[in-house]
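The form predicted on its own is given below as one chain in structure tokens.
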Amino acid sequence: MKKNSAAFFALLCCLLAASGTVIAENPFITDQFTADPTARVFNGKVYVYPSHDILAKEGMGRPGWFCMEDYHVFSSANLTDWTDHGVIVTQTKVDWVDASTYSMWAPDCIEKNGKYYFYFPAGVKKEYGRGSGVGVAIAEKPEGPYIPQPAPIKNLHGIDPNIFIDKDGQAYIYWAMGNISGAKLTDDLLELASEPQIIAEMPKEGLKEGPFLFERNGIYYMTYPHVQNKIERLEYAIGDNPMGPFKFTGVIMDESPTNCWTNHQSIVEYNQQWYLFYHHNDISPQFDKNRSIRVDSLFFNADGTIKKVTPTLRGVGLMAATKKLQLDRYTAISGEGASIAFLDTLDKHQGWQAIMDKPGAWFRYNSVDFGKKKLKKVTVNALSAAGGVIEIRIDKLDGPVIAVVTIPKHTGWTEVTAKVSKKTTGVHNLFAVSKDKPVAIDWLSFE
């Protein structure tokens, strides 16, 4: 890239950087579509580098298919409050990318010697061959600004790059294109240092993509999405060398129960807990090419095998009671009378509502931090055409009642405030229980 072009791109990234904060349940980014999350721990924070789904239309991508033109990066120190740092790479500002392809698929990022190397796939211009190449953009900070290299990595044709630096300092790159392949990288992380090698021990049948390799206790885990039947599930194989041989070991996450055709993963340890980052089509249930990223806790058995992860709506992290708690991102609900629905079916990015339409219906929301000082009142944004009453309880369904909220008759959303009757500090599970008439809740918050 020419110097003046690189400087312009750096300035553009700074101007586009956002300071918006997103409160996390699952999905933890809701103001835009995101997919293929690669999570990394840099400087005591978790940074997530996803792809960015947009809706294709005539003249912009292929209608009815995946469409991606740029990348954002998000960060969090507590896995609850996420900051969007804005666009870091866009296809129109990379010299070698064919900007008509809208195919900026799953990326990755790695740190070495105080610099951050962002790897991204995209369709290449004719002079660089055909299909997809993988490029590198470099920054001084995890959030950028990132300066793309003038050409893609030579002799690498594929998508979904993943970078792994072993304990001896050797860096490896993995990618997908029909099969999963890998190679060593040079010390500057910009070129292949060995011939590409197919990771031959993967399943023979069905699509395999999205490699993500990590090491734990001397075991190398090669994880990947695989179409065993009709849609992707997350699987893994283990070995004692970054290039294998690997042995198929098990399933990390089953196929989507709502038929989202893709999934894509990364696995990271943060503050002595392991997490699985993945995606689903929560905000676009009828069109699985617009996806949203999620995170759930991941655990290992004593022999090093991975316990299967069941997706949750609640997600991870403590939620402060003073935040707007979204009961629709529940931990559990009653068997009857409790359900969720979109607040606005024409703008699903607004999220969901928790509906209790029978007496005794309830929602449970785990891990709420009430802090050290007594909170005096609770505000509920609710709707009840007939007027209703809800009880806020803690710890268990028949646990202490800390507030009773009477929702007035109203056909629109109304913020109702009630006193907190019992001093509550520390971390508790929270229950909202309907006492009589149907009630819908958007959010509740203590102060």
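None of these values were measured; they are calculated from a predicted model. Residue numbers run from 1 along the displayed sequence.
What follows is about the form predicted in complex with beta-L-arabinofuranose, which we do not show.
S.K.: beta-L-arabinofuranose isn't shown here, but in the predicted complex which of K93, H85, H264, R329 has a heavy atom within 4.5 Å of it?
M.R.: Residue within 4.5 Å of the partner: H264.
S.K.: Looking at D282, E143, E209, E235, which has any heavy atom no more than 4.5 Å from beta-L-arabinofuranose in the predicted complex?
M.R.: By the 4.5 Å heavy-atom cutoff, the listed residue in contact is E209.
S.K.: What stretch, of 73-81, 155-163, 362-370, 313-321, brings heavy atoms to within 4.5 Å of beta-L-arabinofuranose in the predicted complex?
M.R.: One stretch meets the cut-off, namely 155-163.
S.K.: Please check if M68 has a heavy atom lying within 4.5 Å of any heavy atom of beta-L-arabinofuranose in the predicted complex.
M.R.: Yes, contact at 4.5 Å.
S.K.: Would you please decide whether W105 lies within 4.5 angstroms of beta-L-arabinofuranose in the predicted complex, comparing each non-hydrogen atom pair?
M.R.: Within the cut-off, so yes.
S.K.: Wondering, does T38 line up within 4.5 Å of beta-L-arabinofuranose in the predicted complex on heavy atoms?
M.R.: Judged by the heavy-atom cut-off of 4.5 Å, T38 is well away from beta-L-arabinofuranose in the predicted complex.
S.K.: Given a 4.5 Å distance limit between heavy atoms, list every residue of 41-57 close to beta-L-arabinofuranose in the predicted complex, or none if there are none.
M.R.: Stretch hits: a single one, S51.
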